[in-house]
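Form predicted alone, single chain, as structure tokens, below.
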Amino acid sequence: MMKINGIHIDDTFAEAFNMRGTRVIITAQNLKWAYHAANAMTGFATSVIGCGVEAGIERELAPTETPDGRAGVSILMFAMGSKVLMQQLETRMGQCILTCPTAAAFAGIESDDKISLGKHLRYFGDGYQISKMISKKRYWRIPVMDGEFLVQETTGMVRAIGGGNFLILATSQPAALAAAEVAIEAMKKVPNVIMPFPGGVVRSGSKVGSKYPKMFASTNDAFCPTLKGAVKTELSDDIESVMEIVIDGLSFEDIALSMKVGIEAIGQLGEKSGVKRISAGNYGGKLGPHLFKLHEILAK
């Protein structure tokens, strides 16, 4: 049995899946406008179940870290396949970054696999766009009404992992959410990962399949407190709320570190916080090749 300050850690694992990922660096006149662009770019991108892509802001960037010397943010985007990622990136670039005052966009990751940032978006310039090669990288200057939109032609696409997760089981909804917020703040400091759901937390964890033929995912009834008397539950009588944190990352090690940091942050709160258990969501290891075993992660 493993416990951290009285909080029981289940001997189980999170099951995660292969994805394709990319990073984009967004800069602007100041952080306010960089965030406007990034927030629009990563909107409606919580789960591939319904959004096609999972995306989020990775971190802020100082002017010394960006290609054009302005403040910015980096975002990560993940999809189940290359074609979907390419399509989503191009659509969001055109609708969210091109349209945002003072914003510019640059490659955030190097890879032999390249996908378009401005390669096709340049045609919005209607023939007045100008290309520039700098250090063997092509950039496009597209005339827009506030001046020019500067965008790198491509960014890299890499193999990635989605679906790392852990569950917070607590005696009340406020206790579960407060613990989740503490975990998220700690996990935001880990590079190469995002927690794509609202505020980094999901209350509607799902299982594969449904009683309704057209639904391929439905509520994770084993962890729903109000169904304890109606289904084969995973919850004891004192558990009244469960929150899930889902992590996408560029590597197994990135996700494992993020999970460890988040769980340990909750552990520091102790059992008095109302958190009784930490568990994880999986499908018996049948659907995803990446198994994040909680005890192994925490023992490292």
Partner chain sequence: MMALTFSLKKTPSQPLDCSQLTANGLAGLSLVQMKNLPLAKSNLKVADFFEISGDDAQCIIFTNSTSQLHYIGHKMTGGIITIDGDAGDYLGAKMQNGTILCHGNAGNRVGDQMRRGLILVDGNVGNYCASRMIAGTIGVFGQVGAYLGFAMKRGTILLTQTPKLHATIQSCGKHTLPFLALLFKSFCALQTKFSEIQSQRVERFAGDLACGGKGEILVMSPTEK
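Residue numbers count along the first chain shown, from 1. Everything numeric in this text was worked out from a predicted model, so none of it was measured.
Heads up, the form predicted together with its partner chain isn't pictured, but that's what we're talking about next.
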item: 4.5 angstroms heavy atom contact with its partner chain in the predicted complex for Asp68; value: yes
item: Lys83 within 4.5 Å of its partner chain in the predicted complex, heavy atoms; value: no
item: Lys132 within 4.5 Å of its partner chain in the predicted complex, heavy atoms; value: yes
item: 4.5 Å heavy atom contact, Glu148 and its partner chain in the predicted complex; value: yes
item: Listed residue (Arg141, Arg92, Lys188, Lys228) with a non-hydrogen atom within 4.5 angstroms of its partner chain in the predicted complex; value: Arg141
item: Pro174, Gly199, Pro213, Gly127 - the one with a heavy atom within 4.5 Å of its partner chain in the predicted complex; value: Gly127
item: Option from 112-120, 153-161, 199-207, 132-140 whose residues, in the predicted complex, bring a heavy atom within 4.5 Å of its partner chain; value: 132-140
item: Those residues of 176-200 which, in the predicted complex, come within 4.5 Å of its partner chain by heavy atom; value: none
